[in-house]
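As a starting point, one isolated chain is supplied in structure tokens, in the form predicted on its own.
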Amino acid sequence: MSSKKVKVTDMSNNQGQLTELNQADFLPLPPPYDKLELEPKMKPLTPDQRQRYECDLDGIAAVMIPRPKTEEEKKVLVDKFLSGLTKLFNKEDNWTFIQALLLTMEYCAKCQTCSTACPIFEESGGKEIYRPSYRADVMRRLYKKYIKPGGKFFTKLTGDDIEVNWEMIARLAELTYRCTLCRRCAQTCPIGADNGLVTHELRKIFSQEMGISVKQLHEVGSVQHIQKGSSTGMTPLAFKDNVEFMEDEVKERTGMEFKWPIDKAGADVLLLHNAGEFLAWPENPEAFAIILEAAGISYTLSSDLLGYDGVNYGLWYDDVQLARVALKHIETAKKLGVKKIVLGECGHSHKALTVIADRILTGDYNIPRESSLTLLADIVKSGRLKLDKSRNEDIYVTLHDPCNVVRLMGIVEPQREILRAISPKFREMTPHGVENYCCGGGSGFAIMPNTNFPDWRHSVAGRKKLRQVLDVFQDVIGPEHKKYVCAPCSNCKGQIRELFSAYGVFERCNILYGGLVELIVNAMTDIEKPFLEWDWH
């Protein structure tokens, strides 16, 4: 554990970097990574980066906030932050989340149950700034001082005062990107305080009021999504070209020749993939197409702007951007006249278009939305696919639970029913289901390549997941055994891909990662050759 106790009031000091990170402080990993020298090294920022970007929290620049050049610039930013703080606690401006936020501000027993539930705090060796309640305590002091009547007077009497200056605000902006929004802390809190929500609401102030956000989430994320049709930059024409390519690839790999339905009016289902799958893991939408074709499901894809990309990065940082994207998804479904939307293997798109978008999708916009996991479980149990689990006999399989699907939506059993039906060597991580740990790439982390942030993500945010993977396969950890981490979420796969690459997990341990549908197709007896291409990773 860290020997230095960093206080909440230290956020406002002007003495440079608040916390030093030393990899020797992190919790040791299981074999074959039980020696520190076997781990990838965290790179410090260059002198130029330190001069250009705010990094006085922990020496990491995830958000890449330019350092203000004058005191006037700092004052303008401080004023915008305080204005945004006021709006956050005004029900006309923040009707979506204000009730839960107020409850969290008013009640905290300081029991630190949340801290023991947080993988980032635990794996970092107990760095005080990563404690879930540390971030919330900063917010709570701001709430008491600037929102509650008489706050500036009473906080001095109660010892809850906090100095608001640019140094504090810049550190707080970075601190909101040291939390994956997995909300394990909120689940474990005995009185229902939601420290994950605090992170989310603070990110809203920075984005909606101050124009401070992560470029990959906003500029080349949700803005590009709305303008070009996909956060990947893929246009509708490129989407159609990609589908043609995948049709050819399916024919080559399986011998199955069929056209994928696009813009089919009146279909039962609009299937909404994360567009990253088309580019990074085309075998995933290919496997979906094979399964739905074989099962005789009436469905369609869409080539409308946003209609072929289910991501919604606004979920993580900006309510306005979330609403813009969600409304476009629903308008696509209305135009096609489908009975429901089914979401592919993408955890955050599940939560964005169902749990969160429920707040705005009322009346004619309340089109049913369903997880692909429940649809796939129904298909597998119905016997519409010819499956032979022995085709996966040589692969040890474990399941990574995406936080948005299990803890935040309660979809736990369907994916397990499928795996038990198709994988003889399926085994569970500990813990799993609603008690799972984040992959370390949640809340946008997986697509944030800025400065030395990926090093932090691999060494701290993803450390718990790597530990779980190594532990569950420890008795067969040698490369002579094939092992597969089933991760039915595009964002999680992106994080696991980079995590495994950083540690050389495939090369040292022969552990592959991928989706659920690929394993299903691998068990289909109609297809002669194995669908999983083990040597490709």
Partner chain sequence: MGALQYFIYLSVAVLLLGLLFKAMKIARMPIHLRWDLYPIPHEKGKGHYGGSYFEELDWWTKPLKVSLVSEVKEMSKEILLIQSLFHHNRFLWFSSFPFHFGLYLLVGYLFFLLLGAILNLSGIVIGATSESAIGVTTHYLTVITGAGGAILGAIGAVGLILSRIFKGELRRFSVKADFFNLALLLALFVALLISLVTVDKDGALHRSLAGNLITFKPMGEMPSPIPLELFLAGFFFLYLPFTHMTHFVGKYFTYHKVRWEDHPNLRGSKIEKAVTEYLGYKLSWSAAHIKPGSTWAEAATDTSPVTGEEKKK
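Numbering follows the first chain given and starts at 1. The structure displayed is predicted, hence computed values, not measured ones.
The form predicted together with its partner chain exists for this protein as well; it is not shown, and the discussion that follows is about that form.
Note on contacts: among S390, S382, Q227, S298, the single residue with a heavy atom within 4.5 Å of its partner chain in the predicted complex is Q227. Shown without its partner, this chain lists H400, H458, R171, R183 as candidates; in the predicted complex, only R183 has a non-hydrogen atom within 4.5 angstroms of its partner chain. Contact check for D160: a heavy atom falls within 4.5 Å of its partner chain in the predicted complex. Remark: I411 counts among the residues lining its partner chain in the predicted complex, judged by a heavy atom distance of 4.5 Å or less.
Interface membership of I360, defined by any non-hydrogen atom within 4.5 Å of its partner chain in the predicted complex, is confirmed. Its partner chain in the predicted complex is approached by K340, whose closest heavy atom lies within 4.5 angstroms of it. No residue of the trio L292, Q474 and E518 has any heavy atom within 4.5 Å of its partner chain in the predicted complex. Comparing 93-101, 444-452, 423-431, 392-400 against its partner chain in the predicted complex, the single stretch with non-hydrogen atoms within 4.5 angstroms of it is 93-101. Although its partner chain is not shown here, in the predicted complex the stretch 12-48 places no heavy atom of any residue within 4.5 Å of it.
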